[in-house]
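One chain is shown next in structure tokens, namely the form predicted on its own.
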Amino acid sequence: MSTNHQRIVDSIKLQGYIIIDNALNSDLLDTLFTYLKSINKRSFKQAGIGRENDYQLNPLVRGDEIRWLDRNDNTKDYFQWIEDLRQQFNQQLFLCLFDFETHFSHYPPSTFYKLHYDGFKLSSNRIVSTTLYLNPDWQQQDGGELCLYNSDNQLLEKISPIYGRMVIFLSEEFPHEVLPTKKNRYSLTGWFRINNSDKIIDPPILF
């Protein structure tokens, strides 16, 4: 088990989230970034909100575009890193995580994502959220921060999406939002789940 995997597990157990720079080795990080830049941007689709019959596109709530990932030569090492982490979560924290889904996310300038949870108890299978940022040379004035709150909506962290930084948190415990970005903002966002659903859904927004 890698040192970073143990750090992540310990932090999730202690406080429910972690912000970790250089979570991946530089070769793997650069491979993911190169793959992202090679993808035809027309394959990104506008992300929606709600679920099933309530699913809708609403840029006043969520403005990002997404492209779902599968395992291939560019992503296999990342999926292995994720699988190793899943096993440690299950062995040490008994989370019973079953699988993992992930997509690239692109926020064009002036877009954002309002306050929301990634999962709700008894109504979502998403248990642990992960976000890896892929933005070289990101500056504080570029905006696009992830704001992580506690259940009382008190700000815990304001996180700049700098290259190689990873944020991992319990999906059902922490409401969060993405502040407006001033330039193109990219991330690799995913969720560990407790069962294998063939429906990709997002929980409601917290207005």
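Owing to the predicted nature of the structure, the values given are computational and were not obtained by experimental measurement. Each residue number is its position in the shown sequence, starting from 1.
The same protein also has a form predicted in complex with a small molecule, omitted here; what follows describes it.
Enquirer: Among Phe79, Phe89 and Phe100, does every residue place a heavy atom within 4.5 Å of the small molecule in the predicted bound form?
Expert: So, no: the whole triplet misses the small molecule.
Enquirer: Answer with yes or no whether Thr189 is in contact with the small molecule in the predicted bound form, where contact means some heavy atom within 4.5 Å.
Expert: Thr189 belongs to the contact set for the small molecule.
Enquirer: Is there a heavy atom of Tyr113 no more than 4.5 Å from a heavy atom of the small molecule in the predicted bound form?
Expert: Yes, Tyr113 lies within 4.5 Å of the small molecule in the predicted bound form.
Enquirer: Taking heavy atoms only, is Leu32 within 4.5 angstroms of the small molecule in the predicted bound form?
Expert: Heavy-atom contact with the small molecule at 4.5 Å: absent for Leu32.
Enquirer: I'd like to know if Arg165 sits close to the small molecule in the predicted bound form, meaning any non-hydrogen atom pair within 4.5 angstroms.
Expert: So Arg165 does not count as contacting the small molecule.
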